[in-house]
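Listed next as structure tokens is one chain, alone, in the form predicted on its own.
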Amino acid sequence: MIEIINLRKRFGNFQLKDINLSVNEGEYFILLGPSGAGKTVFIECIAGLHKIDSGKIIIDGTDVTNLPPEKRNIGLVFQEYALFPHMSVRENIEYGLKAKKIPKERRDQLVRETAKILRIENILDRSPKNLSGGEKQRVALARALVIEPKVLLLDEPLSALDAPMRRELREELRRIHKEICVTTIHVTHDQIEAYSLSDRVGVIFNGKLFEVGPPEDVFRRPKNEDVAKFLGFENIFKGSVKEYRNGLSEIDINGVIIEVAGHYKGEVTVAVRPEDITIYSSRIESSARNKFLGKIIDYIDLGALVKLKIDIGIPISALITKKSFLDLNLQRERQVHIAFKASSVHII
């Protein structure tokens, strides 16, 4: 449906570097990366807002690389909504239809249908200045969808909203996409959005696309250390494989032996997510292959969760619920037992 071939675009010292990407028809694709990674520039290139230096952009079999934005049949929702303040909600939504010279009767029908999908039928005559952030986002989505685009591009669509509204709009985006199945590229720095919304996710750093795949694969089995750190693998260590037996490799990390499922050799990089580590106040029987006695160096209260830093011969981070932290009566300098499965250890 969307083919990006060797796309390059330079802005001063920044450059999108030979990006190749295929997005399937009806797919919800999320491009994930930190601020300054090139996410917004990338979708603006697809939309035709920037002329690319080299490469091709193909949409539904048509090479649109040199077409102006209005000829690409793309709906774009900007991070700051970009609603026209002097127009009503209804006028904002139908703006693109007027530009396409759609007859009024058909415009009215499309606005009604789109407003119903977005659940904003009751605010069509209001001014944007009287709307909440969530309502403005719905209006911006309606304006992009009403033209019946082949592709919908979303630039950090939830970043300006508070946490409860972000949760609500995530659910709305999932519902809307299920209902209309428009091919979507959504860029964000928010990992929750990426994991919960995407059919596939790509990770971009410094203008380069590193990994693309189902969210479970990218989040659990990243192939790049920088990507792993960005995606929450706080425990990343260099080690050497000492032995392989019974389907497990034993890896020596400064004298600490960690077992991982699979056959590996030589020097390796080991990664473990903090939420995959279980904390016990006393030694218990566990099927987990990796069990250690350690001491709590420090902890950070994150509200519903608490992050622990534990010394087991190497410093390791663990994430537990606030309830578990209180029930176990954990404190700094307290000795604890930790355990994690061999299958939870990822080799980069």
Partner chain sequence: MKRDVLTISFIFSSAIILFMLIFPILNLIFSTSVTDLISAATDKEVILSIYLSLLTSTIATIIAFLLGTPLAYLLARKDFYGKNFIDSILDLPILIPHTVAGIALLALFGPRGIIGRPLSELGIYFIDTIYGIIVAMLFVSAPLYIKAAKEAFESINPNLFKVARSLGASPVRAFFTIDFSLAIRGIFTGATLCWARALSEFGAVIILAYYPYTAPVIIFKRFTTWGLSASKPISALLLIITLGIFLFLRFLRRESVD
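Positions refer to the first chain, counted from 1. Not measured: the values here are computed from a predicted model.
From this point on, the text means the form predicted together with the partner chain, which you will not see here.
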item: E80, heavy atom within 4.5 angstroms of the partner chain in the model of the complex; value: yes
item: is_contact(R143, the partner chain) in the model of the complex, heavy atom dist at most 4.5 Å; value: yes
item: G55 within 4.5 Å of the partner chain in the model of the complex, heavy atoms; value: no
item: In the model of the complex, R106 touching the partner chain (heavy atom, 4.5 Å); value: no
item: Contacting member of L169, I74, L209, V270, with respect to the partner chain in the model of the complex [4.5 Å, heavy atom]; value: I74
item: Selected contact from Y195, F230, Y95, F205, since only one has a non-hydrogen atom within 4.5 angstroms of the partner chain in the model of the complex; value: Y95
item: Option from 82 to 90, 216 to 224, 119 to 127, 256 to 264 whose residues, in the model of the complex, bring a heavy atom within 4.5 Å of the partner chain; value: 82 to 90
item: Joint contact, E44, P69 and I147 to the partner chain in the model of the complex, by non-hydrogen atom at 4.5 Å; value: yes
item: Members of 178 to 202 lying within 4.5 angstroms of the partner chain, judged by heavy atom, in the model of the complex; value: none
